[in-house]
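Shown here is one chain on its own, the form predicted alone, set out as structure tokens.
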């Protein structure tokens, strides 16, 4: 469903990566590896359509994402390495706002339930500025319990999570893949799958095609 070929991105006079290519089908997870500064976040943002590549193509179901921006965006959820929360809003309010910005409404009760499932019971109506980094990350990731998009692009989703939260996130990813979803992520934590397929892509080599 997602095909990338000959992708290249530059920052100033520096080429971050070139000749990146891979295919991702339903039920598959792609690990993106690379040292700091190799362009992992830039690649993820490029796949989301937030950055224009200097060369190459990104196809969704055989068509360029440039020609179907709205349709592609409806199939995509992107969670960056920063939580992108408003400190003066509660967890429930932040979750509802992020969903509204992506074009769908979520009731207060549904948002409340998602946060409770993420282990934030008793913290749902607190301003996020008083939460720990791990709790803030859970607020951001609660989106995955609500969003029905097929393609998830996640930049270091396990950052600041404790063991229980990490295990729960892994179960969320597994369920999404088992239902035919797709995941692209960067992480230092290995995700073990009981079904589906794991692919890997490492930036920093002359050729960047997946194996």
Partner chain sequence: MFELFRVIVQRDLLLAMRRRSDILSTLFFFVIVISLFPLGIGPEPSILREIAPGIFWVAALLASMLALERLFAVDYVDGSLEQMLLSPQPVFILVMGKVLAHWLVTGLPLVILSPLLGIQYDLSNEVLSALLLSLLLGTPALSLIGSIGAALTLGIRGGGVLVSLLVLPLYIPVLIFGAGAVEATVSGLGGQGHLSMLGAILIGALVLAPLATSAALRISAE
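Residue numbers count along the first chain shown, from 1. Values in this document were obtained by computation on a predicted structure and should not be read as measured data.
Unshown form predicted in complex with the partner chain; subsequent notes refer to it.
Of the residues given (160, 48, 146, 59), 48 alone sits with a heavy atom within 4.5 Å of the partner chain in the model of the complex. A residue is said to contact a partner when one of its heavy atoms sits within 4.5 Å of a partner heavy atom; residue 78 meets this definition for the partner chain in the model of the complex.
Among residues of the shown chain, residue 116 is not one whose heavy atoms approach the partner chain to within 4.5 Å in the model of the complex. Not displayed here, the partner chain is approached by residue 90 to within 4.5 Å at the level of heavy atoms in the model of the complex. Not displayed here, the partner chain is approached by residue 84 to within 4.5 Å at the level of heavy atoms in the model of the complex. Residues with any non-hydrogen atom within 4.5 angstroms of the partner chain in the model of the complex fall in just one of 161-169, 24-32, 175-183, 50-58: 50-58.
Annotated contacts: 63, 156 and 200 are all free of the partner chain in the model of the complex [non-hydrogen atom within 4.5 angstroms]. Along 93-108, these residues reach a heavy atom to within 4.5 Å of the partner chain in the model of the complex: 93, 97, 100, 101, 102, 103, 105.
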